[in-house]
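A lone chain, given as structure tokens: the form predicted alone.
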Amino acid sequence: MGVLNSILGLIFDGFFAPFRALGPWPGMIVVSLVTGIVMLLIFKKTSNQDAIKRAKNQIKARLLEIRLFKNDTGGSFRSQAAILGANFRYMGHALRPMLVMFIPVLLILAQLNLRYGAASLRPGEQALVKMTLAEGASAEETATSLQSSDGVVVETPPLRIEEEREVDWRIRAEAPGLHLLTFNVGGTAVEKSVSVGQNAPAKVAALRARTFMDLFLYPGEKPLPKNSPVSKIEIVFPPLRLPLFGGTVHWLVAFFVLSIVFGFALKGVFKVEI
């Protein structure tokens, strides 16, 4: 999973490079457009287009029957039953392409969450750092310390939560850049990056871990070694919201709305029955 994340990270870094100085929206719009087109092509190649078209035509015909023969109660019920059957057939034909698209969409979402899910710390802003020890370790008995590079200050001594195998610190950002936290855990050094003063779509890695699911959802950094005394390190960054008409919107809402709008707008261009 780490190798796949590295490859996808390089691809998305190159994709977003032209938009880094333009704010969060240009990159979001373009990636939504590309995603909409890719999903259209996948849907076209993996679905039975003729069967989908027939099911949609049957639904339209039955709806017309209900309107034309609205005084025929029995006929209306038969038409409604036929519409229900056509809907089930339509959903059945759409299921396979949806399953094919599931993994690629999740990988795209993980890369977008890395760039739009959390806001980089601002100089003077504080954040909580949570280090979870490996299974079987004791937060009380394991010697731990935290050092930071220039640009980040560790403000508190470690707070140990034995039940969670967790050790916490509070840090404060001082200077823009990508800085390092170095954890000394029982004589083993473990590093975690901290993003300060970076604007979306810059990468903000909130979690460094080693389990497959964590690596799948949080691809920002290399996985922790399997024999590491630490199972994961999390920095609680502030959430990022995209500005919109004087308010804000979550990036996930923006992405799905834009992708769907682009998909439906371009389905005629690519001759795709949806």
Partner chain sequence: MSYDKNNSRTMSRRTFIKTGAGAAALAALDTRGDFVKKAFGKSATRGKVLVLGFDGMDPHLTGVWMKEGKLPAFQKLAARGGFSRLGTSTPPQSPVAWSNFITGMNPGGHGIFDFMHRDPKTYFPIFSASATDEAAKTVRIGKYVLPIKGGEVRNLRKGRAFWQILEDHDIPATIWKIPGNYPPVATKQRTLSGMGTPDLVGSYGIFNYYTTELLEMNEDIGGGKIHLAYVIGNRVDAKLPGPVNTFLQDRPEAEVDFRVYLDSAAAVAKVALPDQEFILKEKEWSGWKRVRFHLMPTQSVTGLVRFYLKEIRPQFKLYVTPINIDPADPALPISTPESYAAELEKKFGPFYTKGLPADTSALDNDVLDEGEFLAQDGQILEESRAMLEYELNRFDSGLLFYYISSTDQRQHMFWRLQDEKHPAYDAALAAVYGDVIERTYRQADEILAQALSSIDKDTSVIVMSDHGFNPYYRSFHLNTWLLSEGYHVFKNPFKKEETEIGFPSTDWSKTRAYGLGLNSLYLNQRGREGEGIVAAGAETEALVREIARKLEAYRDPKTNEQVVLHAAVARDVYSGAHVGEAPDIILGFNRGYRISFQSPLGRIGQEIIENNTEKWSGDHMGAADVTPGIVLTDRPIRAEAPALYDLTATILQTFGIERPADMVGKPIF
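A quick note: this is a predicted structure, and the numbers were derived from the prediction, not measured. Residue numbers count along the first chain shown, from 1.
This next part talks about the form predicted together with the partner chain, which is not shown.
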For this session: Answer with one of P176, P104, P158, G186: the residue that has a non-hydrogen atom within 4.5 Å of the partner chain in the predicted bound form.
Result: P158
Seminar exercise, completed: Note: exactly one of E191, E164, E125, D72 sits with a heavy atom within 4.5 Å of the partner chain in the predicted bound form, namely E164
Exercise. Hey, in the predicted bound form, does R89 get a heavy atom within 4.5 angstroms of the partner chain?
Worked result: no
Problem set entry | Close approach of K130 to the partner chain in the predicted bound form, 4.5 Å, heavy atom | yes
Exercise. Within a 4.5 Å heavy atom cut-off, is E135 in contact with the partner chain in the predicted bound form?
Worked result: no
Exercise. Contact between D150 and the partner chain in the predicted bound form at 4.5 Å, heavy atoms?
Worked result: no
For this session: Within 4.5 Å of the partner chain in the predicted bound form, counting heavy atoms only, one of 192 to 200, 178 to 186, 81 to 89, 150 to 158 shows up; tell me which.
Result: 150 to 158
For this session: Taking only heavy atoms into account, state which residues of 240 to 264 are within 4.5 Å of the partner chain in the predicted bound form, ordered by sequence.
Result: G246
